[in-house]
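Quick setup: one chain, the form predicted alone, written in structure tokens, and binding and motion questions come after.
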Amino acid sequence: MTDLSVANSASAAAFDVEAVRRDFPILSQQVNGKPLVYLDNGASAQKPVAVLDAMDRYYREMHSNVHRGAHTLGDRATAAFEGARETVRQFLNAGSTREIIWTRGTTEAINVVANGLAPRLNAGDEILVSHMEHHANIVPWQMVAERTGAKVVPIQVTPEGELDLDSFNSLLNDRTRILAITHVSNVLGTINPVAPLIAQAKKRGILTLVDGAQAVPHFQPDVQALGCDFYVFSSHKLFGPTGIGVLYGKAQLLEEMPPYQGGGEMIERVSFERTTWNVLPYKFEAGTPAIAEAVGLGAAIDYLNSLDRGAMESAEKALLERANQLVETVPGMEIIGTAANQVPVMSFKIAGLHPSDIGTLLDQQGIAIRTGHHCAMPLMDFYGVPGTARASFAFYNTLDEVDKLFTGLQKIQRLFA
């Protein structure tokens, strides 16, 4: 065991995972007569009691629409709603709450940016994305490119599942207008070196968006240190509720972008002759917002802040380390993506077995994983597979659950062998 592994194991031992698991009531149930082993965190993470209580308290004690209510409940709801925005600002180290826009999730956030930047694009302009992007960071750019005559250009990846930096460097040119890159691959777990990529892009005046959906559950980003123009993520992957996400954008760019939707809240004044837009961040928040969900997201971040983040990250590394050690115990198992710098996500295939069969048979043993193309078809094409099985771990998973996963895979392999 390397010195780093020893350090990770020591920090993992210091992390009281059993105490943490008691904060997540859903984990204590049985599925198909077996204790639940939830390893589908990359799709959606579970919610601690702190989040459930915060949303319940909102509905029981303060539900009202926000910002314009001339009564006590409206004041309470507005304070909780805007307090959550400040919590997100601190989490990202954004310069101002004006730069924190509520969206329905990562997908909508990227669509807001893509449509907002469309007026800057002309025929022949290029939008760089990587080969490992989620469809949500490909399709909106394709739609905008079709309207404007721009072109979406993919950055290649290596067989190990790392960004091909030579490919990136060769693709940067005078026509490049936007770089849209994932911080962490949802299939491979690869942590991309986004800071130096952004620095290179900035030298050429290229606008940058980082998809942080898979990063924020595992480590805390600093948008000012990264230097990105936009950063997006979803609440439900960050142990918060579904139906809400965040768009961080530099204030100057958000001021220049047209609003994505029209309606209430995003206006300053409406007449039949002319309508003017509200100030940031409300310019991009048409209609009644997801108030309870914003409160829940704020509570999720507060919960994470109450934990020892260093010990938590070390515990997650220990989970992936154990999983990698056990791969050889399953004949025919092959890992897809072996990047040097990863979060605890493992995509794999087993010779002779279809991923969906693996998922179904694991579910019968109480083990939840994800199977399919993971909304990353170009990456599946690159590896020449129709899909993979994927186990994605969170800090509330245990080493024993990793062992149960591989015991389950061994049973399946023997059954089909």
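If you're wondering where the values come from, they're calculated on a predicted model, not measured in any experiment. Note that residue numbering begins at 1 and tracks the sequence as displayed.
What comes next is about the form predicted in complex with a small molecule, which does not appear here.
Peer 1: Using heavy atoms only and a 4.5 Å cut-off, decide whether all three of Glu313, Arg322 and Gln342 touch the small molecule in the predicted complex.
Peer 2: Per the other structure, none of Glu313, Arg322 and Gln342 touch the small molecule.
Peer 1: Picking from 287 to 295, 261 to 269, 209 to 217, 195 to 203, which part of the chain touches the small molecule in the predicted complex when contact means heavy atoms within 4.5 Å?
Peer 2: After filtering at 4.5 Å, what remains is 209 to 217.
Peer 1: Could you tell me if Ser347 has a non-hydrogen atom within 4.5 Å of the small molecule in the predicted complex?
Peer 2: Judged by the heavy-atom cut-off of 4.5 Å, Ser347 is well away from the small molecule in the predicted complex.
Peer 1: Please run the contact check for Pro241 against the small molecule in the predicted complex: heavy atoms, 4.5 angstroms, yes or no?
Peer 2: Pro241: no contact with the small molecule in the predicted complex.
Peer 1: Hey, in the predicted complex, is Arg85 touching the small molecule, heavy atoms inside 4.5 Å?
Peer 2: No, Arg85 is distant from the partner.
Peer 1: Within 4.5 Å, heavy atoms only: does Ala136 come near the small molecule in the predicted complex?
Peer 2: Answer yes; at least one heavy atom of Ala136 falls within 4.5 Å of the small molecule in the predicted complex.
Peer 1: Just give me the single entry in Pro281, Gly105, Gly189, Pro221 that has a non-hydrogen atom within 4.5 angstroms of the small molecule in the predicted complex.
Peer 2: The residue from Pro281, Gly105, Gly189, Pro221 that makes the contact is Gly105.
Peer 1: Which one, His131, Lys317, His236, Arg177, lies within 4.5 Å of the small molecule in the predicted complex by heavy atoms?
Peer 2: Of the candidates His131, Lys317, His236, Arg177, His236 is the one lying within 4.5 Å of the small molecule in the predicted complex.
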